[in-house]
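First comes one chain, alone, set out as structure tokens in the form predicted alone.
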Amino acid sequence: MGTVFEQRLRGLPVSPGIAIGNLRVEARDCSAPLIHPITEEELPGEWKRFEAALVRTEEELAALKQRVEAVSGATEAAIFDAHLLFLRDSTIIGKLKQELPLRMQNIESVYYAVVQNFMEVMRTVDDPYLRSRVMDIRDVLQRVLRNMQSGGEVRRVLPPVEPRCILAAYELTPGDTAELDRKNVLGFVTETGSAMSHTAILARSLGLPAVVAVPRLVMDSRTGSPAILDGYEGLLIINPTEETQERYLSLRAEREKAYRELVEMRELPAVTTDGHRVHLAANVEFAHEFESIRRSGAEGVGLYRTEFFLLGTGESMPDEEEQYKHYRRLVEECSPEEVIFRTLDAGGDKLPFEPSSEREDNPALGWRGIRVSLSRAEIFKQQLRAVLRASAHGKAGVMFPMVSGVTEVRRTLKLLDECREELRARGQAYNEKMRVGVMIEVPSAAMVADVLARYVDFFSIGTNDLTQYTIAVDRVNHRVAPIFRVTHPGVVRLMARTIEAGIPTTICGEMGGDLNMLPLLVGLGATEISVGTHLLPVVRVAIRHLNYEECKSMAQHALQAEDSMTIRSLSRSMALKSYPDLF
């Protein structure tokens, strides 16, 4: 047996942390099922298993079509008709009938080979429409294989993983990331991706070490190989030497000890050295995070992203009663602190499984956020009534995404008033003084913040989208991602204009968790910062080392700066001076 050498693959670090374990490699599209031989007597049973999987997949697709129709309408849901047609495609079934007796292997492995071959042919055709259908075929393939492997009882985008592994994949969607088994997946590394993708953001929110954009990752990795994932430096080390392993074990222990010490300070308020108070809240996506809210010392939830609950399964959307129970649980667990529910932020790149029969050239500028909700008023009102009812059991607030101007706010508030009337008529309780806010993610909203402030109680600045829309940079496009800078003077001035409107303003985007940017945010006058629960202990201690008056003075200089690098340098210099040990 030849000597095994340590191999280092470098990518882009997107979520800090160190993971040590064996690799689990997922190739492009979906993993090949295990192959085992079959006998001639087993052929009828194999066909029976396959047919049962097709029936389960048909039921699954029909339910998904119904769910999407409720959110997006019949036209968009019709895309699943193509999925259903491919499921029973005579060419594929005919080829499978031909290959199965020749190969004499379990039917899912033969089906996988037949469909993969078909997909490779599709990728080579000149017609862009046909090439785009490869993703639809991939989805059908995954569903059939999953239903054959699990009997339809387990729904996973990714197959079950071995205990304590590092997942290496060609790509992971936000949905894939959301469904990762946190008990078994120590971290992940992908061949594609960017620091500002929603997959990366979710990794940070979940506290999973992650590295993306590693060239030839799938080709150069092998399942079962011992590995170290360094989410600080952007390294995947395969077959690490004993010396490397010892160094990383020591480094991980040091980092974990330092973090535990920060967590022990969770009862301390986020107050600057000269007495300025900043409210610290948590960004939350999943029910399993609820218990970590108090443990992290969060002062409530500044952003609960409801779309992962509403559209996170293959089933139909939860109705009003289901939503109410779910929201009520979170409100009661956080009491007496407040929970801010962001209404469904569907469309665009956030829900990659949301189909569209009409391709949007610029989905980020298209049908998404509050636009989807206002066009599906009854679905929207279900959610509004559920949040209102939950507000009777503790402090709850609601905010609306992708608002571009006052007309959308007026229409939304009118629907909210209708929901209040309906609940009164039913005799169902709600908090008459529940706070209402809007997300500031679109430059036009920031420009009219003084007008919007007359209608709502608070703002929440989504720094990622505000940056993307202000400087016209797609944050997940690797060609332009290097010029995605939250410290662009135009972005910083829009943030200042929003805060100057005079109502409480939260920073709920990624910028809030960046220690380099905290002095700027505090100096601009943000009243609250909301970040992932695992970041809260670090952000709290950092704020306690800042001087508010110094931050204010620095922020005024930043507002006069001509370029993003100057602004970043001003804020970073103050951060390094104030809390060097946190870096």
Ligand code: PEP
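Note that residue numbering follows the sequence shown and begins at 1. All values derive from a computational prediction rather than experimental measurement.
This protein has a second form, the form predicted together with the named molecule, left out of what is shown; the following refers to that one.
Checking 342, 146, 83, 385 against the named molecule in the predicted complex, a heavy atom within 4.5 Å turns up for just one residue: 342. Between the named molecule and the residues 230, 191, 108, 441, the one pair within 4.5 Å by heavy atoms in the predicted complex involves 441. None of 207 to 215, 433 to 441, 294 to 302, 249 to 257 except one has non-hydrogen atoms within 4.5 angstroms of the named molecule in the predicted complex; the exception is 433 to 441. Contact check for residue 465: a heavy atom falls within 4.5 Å of the named molecule in the predicted complex. The named molecule is not drawn, but in the predicted complex it has a heavy atom within 4.5 Å of residue 509.
Among heavy atoms of residue 201, some come within 4.5 Å of the named molecule in the predicted complex. At the 4.5 Å threshold, heavy atoms of residue 475 reach the named molecule in the predicted complex.
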